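In structure tokens, the next block holds one chain alone, the form predicted alone.
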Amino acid sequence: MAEKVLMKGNEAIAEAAILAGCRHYFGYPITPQTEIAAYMAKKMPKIGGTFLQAESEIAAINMVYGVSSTGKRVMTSSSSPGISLKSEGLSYLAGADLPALVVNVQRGGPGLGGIQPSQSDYFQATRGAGHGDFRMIVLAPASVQEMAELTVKGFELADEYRMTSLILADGTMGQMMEPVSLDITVKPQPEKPWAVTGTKCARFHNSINSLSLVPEELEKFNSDRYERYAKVEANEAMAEEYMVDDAEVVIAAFGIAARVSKNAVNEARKQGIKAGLIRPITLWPFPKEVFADAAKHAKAFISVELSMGQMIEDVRLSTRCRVPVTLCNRAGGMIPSPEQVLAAIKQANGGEA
């Protein structure tokens, strides 16, 4: 059995990034993700890596762009307002088809908001996070173990599809401590013939750029990129299903909301209600088919969120409006309780056990 270490979620992300071969980190402190930067500040110099606290979030994401263009694995992390500042850089990364890992440990908003956990950056993450036509792979961990595993997965997917992977964790995931196994298999890094590494007159001169002033060319670049995104949708959607096979009331939740909801599902089952849980692990690509299949036998869905209701739109689209989808939520840094979710399950069940 692999040895486990008690770690905070933010620390697990940092250690897993190092395990995945990341040797370059650029960031700026903001609660509740600052431990990632602090961990990297200690570890990177010891392993021959680069840590730099940039002068701003904008500077950090552009440093990521520069290192990624050389073919090296690189990451940055922030929390909600900081990710907003990085949005232009995220679009530039997409326009240049550069792989990178970005971590958002969410806090309440909008604006500066508060430092308590939230899931209100769902739209920002899954709808592009910047200007222009582009997508990011969005991974939503629900445990400290997954914080580590999905960090490795994020780097690998970013390299495979030449796009940004985003870890979208609520503040609870970043701050909680759990036993973690770092015995994680890491695939060999792929060759990157597109990288700017110096030609030594031995190959064609590579250019990394997102500028295209010829409309026909830019249209083709976007079309080609979306063909690649279609492959991501076909091959990489992930979800956990819990007691869904016979469920009449199905909960949709990710992160800490999914952990709360699982407790509510267990209690509902004890009370004779056929409840189940679908936990999207990839928020983009959203696991549409899992929801579509569940909609064939469920009579109601409930989206449990730490927001005013954002993922609920994807649940409705995925179930194709076959059955009602309602919202059970808290916002501003508050977390739904198992009792609140159980009450929503009972109401969706017609008020009957």
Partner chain sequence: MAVVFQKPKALADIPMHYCPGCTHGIIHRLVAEVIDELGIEGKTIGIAPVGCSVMAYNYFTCDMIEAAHGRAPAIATGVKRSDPENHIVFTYQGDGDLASIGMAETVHAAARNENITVIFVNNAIYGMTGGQMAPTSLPGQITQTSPYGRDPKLCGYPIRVCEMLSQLEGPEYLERVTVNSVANIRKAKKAIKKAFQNQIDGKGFSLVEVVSSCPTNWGMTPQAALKWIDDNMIPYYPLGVYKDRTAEQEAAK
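Please read all numbers here as calculations on a predicted model, not as lab measurements. Positions refer to the first chain, counted from 1.
FYI, the form predicted together with the partner chain isn't displayed, but the following is about it.
Peer 1: At 4.5 Å between heavy atoms, only one of the stretches 36 to 44, 312 to 320, 291 to 299, 62 to 70 reaches the partner chain in the predicted complex; which one is it?
Peer 2: Single hit among the candidates: 62 to 70.
Peer 1: Can you check whether W284 is within 4.5 Å of the partner chain in the predicted complex, heavy atom basis?
Peer 2: Looking in the predicted complex, residue contacts with the partner chain do not include W284, since no heavy atom lies within 4.5 Å.
Peer 1: Quick one: does K200 come within 4.5 Å of the partner chain in the predicted complex, counting heavy atoms only?
Peer 2: Yes - in the predicted complex, heavy atoms of K200 and the partner chain come within 4.5 Å of each other.
Peer 1: Can you tell me if T50 lies within 4.5 angstroms of the partner chain in the predicted complex, counting non-hydrogen atoms only?
Peer 2: Heavy-atom contact with the partner chain at 4.5 Å: present for T50.
Peer 1: Might Y92 be said to contact the partner chain in the predicted complex, defining contact as any heavy atom within 4.5 Å?
Peer 2: Output for Y92 is yes: heavy atoms within 4.5 Å of the partner chain.
Peer 1: Have a look at N209, T185, N235, S223 for me and say which one sits with a heavy atom within 4.5 Å of the partner chain in the predicted complex.
Peer 2: Contact check passes for N209.
Peer 1: Which one of E88, E240, E178, E267 is close to the partner chain in the predicted complex, taking close to mean a heavy atom within 4.5 Å?
Peer 2: Exactly one listed residue reaches within 4.5 Å, namely E88.
Peer 1: So which residues in 11 to 25, when you check the partner chain in the predicted complex, have a heavy atom no farther than 4.5 Å from it?
Peer 2: Stretch hits: a single one, H24.
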